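Below, in structure tokens: the form predicted on its own, a single chain.
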């Protein structure tokens, strides 16, 4: 039998899918503890009993959101890997930063939720988490920094985490950084890409593009 998440993915027009969409946005904006099922139901335009009928309790819905986001991230990374495969490392980074930065700015709740998970030190939020080690290994292998996805050293993983964390911080921190810089959103996104490339490409390539 399909899970509620599988049903939602199979039928994007269904009530389950609609609830999931709003839940991703609200959990991404307010975190697990700052979001209530009543808030989600109100945004969807349904009563609370309908939400519970489709998704169970808040923890069930939150864990489905995490699984859903993990699936989206995994698929995006696969798409990027196909594009950059075989290119020099500098070019791989250049293209990857462009694609992933655009993707995360289009889905800011992903970065928000990841950072919420990093820094939440209070009540239990469920058994599931973002597949950070798995994603890190995938990225390291795609960048040519390891010989296989199961053979990634802690040093390489830390370098990849530094790249991804800098993206998440710029995306999640847009509301703080952009007013401080007094620029529009498109300019901010372009500057984020330029800054990420300025920091990371020389660090990985020794200043060149290879």
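Positions refer to the first chain, counted from 1. Given the structure is predicted, the values throughout are model-derived calculations rather than measurements.
Not on display, but discussed next: the form predicted in complex with the DNA.
Segments offered: 33 to 41, 140 to 148, 159 to 167, 179 to 187. Contacting the DNA in the predicted complex at heavy atom distances within 4.5 Å is 33 to 41. Taking the partner from elsewhere, residue 191 is found to have every heavy atom lying beyond 4.5 Å of the DNA in the predicted complex. Shown alone here, residue 46 lies within 4.5 Å of the DNA in the predicted complex, counting heavy atoms only.
Although the partner is absent here, residue 15 sits close enough that one of its heavy atoms falls within 4.5 Å of the DNA in the predicted complex. Mapping the unseen interface onto this chain, residue 153 falls outside it, with no heavy atom inside 4.5 Å of the DNA in the predicted complex. Of all the residues from 41 to 60, those having a non-hydrogen atom no more than 4.5 Å from the DNA in the predicted complex are 45, 46, 47, 48, 49, 50, 52, 53, 54, 57, 58.
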